[in-house]
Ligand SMILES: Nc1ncnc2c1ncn2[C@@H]1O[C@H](COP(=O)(O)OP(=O)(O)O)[C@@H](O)[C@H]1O
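This document opens with one chain alone, in C-alpha cells, the form predicted on its own.
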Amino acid sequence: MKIVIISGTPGTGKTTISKMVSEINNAQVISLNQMALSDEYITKYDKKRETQVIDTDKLIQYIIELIKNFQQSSESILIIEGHFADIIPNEYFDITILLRCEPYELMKRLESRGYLKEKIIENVQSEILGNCANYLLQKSLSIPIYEIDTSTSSFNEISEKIIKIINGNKIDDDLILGKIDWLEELFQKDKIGDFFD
C-alpha cells in the first residue's frame, strides 16, 4: 500500500496526470481542490484573489479519516493531488511528487483556463519562486521529493515517470528536487521583469 502526494502550482497538470496514473495503476485519487470547494470547508470568498478561503484544519481531519479508511481497505495506491497537498501530515504519505512548469508555458495554460491577469501573475510568480517546493521542504520529510517538469513532455511520458517512482523502479537523479530553477533561468536571460515589477 502506498500513499502518493502530487503537488504543484495550478496549471502544472496535477489533476490530469493523477487521473492518467490512476487509470493505469488502478489507484484511487483524492482531489484536494475539489474537496475544498465543497460548502462544508469554505469559510469565505476572497474577491481580490478570486479564491475561496477554506477551513484547513477541518479539511485535514477529514483527509486523515479518508487515509485511515484507505489503509484498512484492499486498495494498493492512493493519490492525493492539489497545490496545497503539503497540508497532509508527514506520517500519512509515502511518496512526494512535485510537478513544475516553465513560466511562459504556465502563463499560456492559465490564460486558456480564463484566469484573470492578476491571478495568472500570482500563480506564475509562485511557480518561479518555487513556493510549492518550499512548503514541502519546510516539512523536513524523511522521504525524497521528486520533481517533474511538465512544460514540454506529454502527459503520457510524465505518467510513466510517476508510475516508475510509485513502483520503486530506479529513478534518474534529475527527478530529485533541486534541478529546476526558473528564477535563475529568467535571471540569465534577463527576463525577470516579464513577471516581477
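This is a predicted model, so every value here is computed, not measured. In case it trips you up, residue 1 is the first one in the sequence shown, and so on.
If you look for the form predicted in complex with the ligand, you will not find it shown, but the lines that follow are about it.
122 to 130, 87 to 95, 109 to 117, 72 to 80: which one contacts the ligand in the model of the complex at 4.5 Å, heavy atom to heavy atom? Residues of 109 to 117 come within 4.5 Å of the partner.
Just one of 165, 67, 158, 35 has a heavy atom within 4.5 Å of the ligand in the model of the complex. Which one? Only one listed residue qualifies here, and that residue is 158.
Evaluate residue 28 for contact with the ligand in the model of the complex, applying a 4.5 angstroms cut-off between non-hydrogen atoms, and reply yes or no. The answer is no: residue 28 has no heavy atom within 4.5 Å of the ligand.
Indicate whether the ligand has at least one heavy atom within 4.5 Å of a heavy atom of residue 153 in the model of the complex. Answer yes; at least one heavy atom of residue 153 falls within 4.5 Å of the ligand in the model of the complex.
Stretch 13 to 28 - residues with a heavy atom within 4.5 Å of the ligand in the model of the complex: Contacts from 13 to 28: 13, 14, 15, 16.
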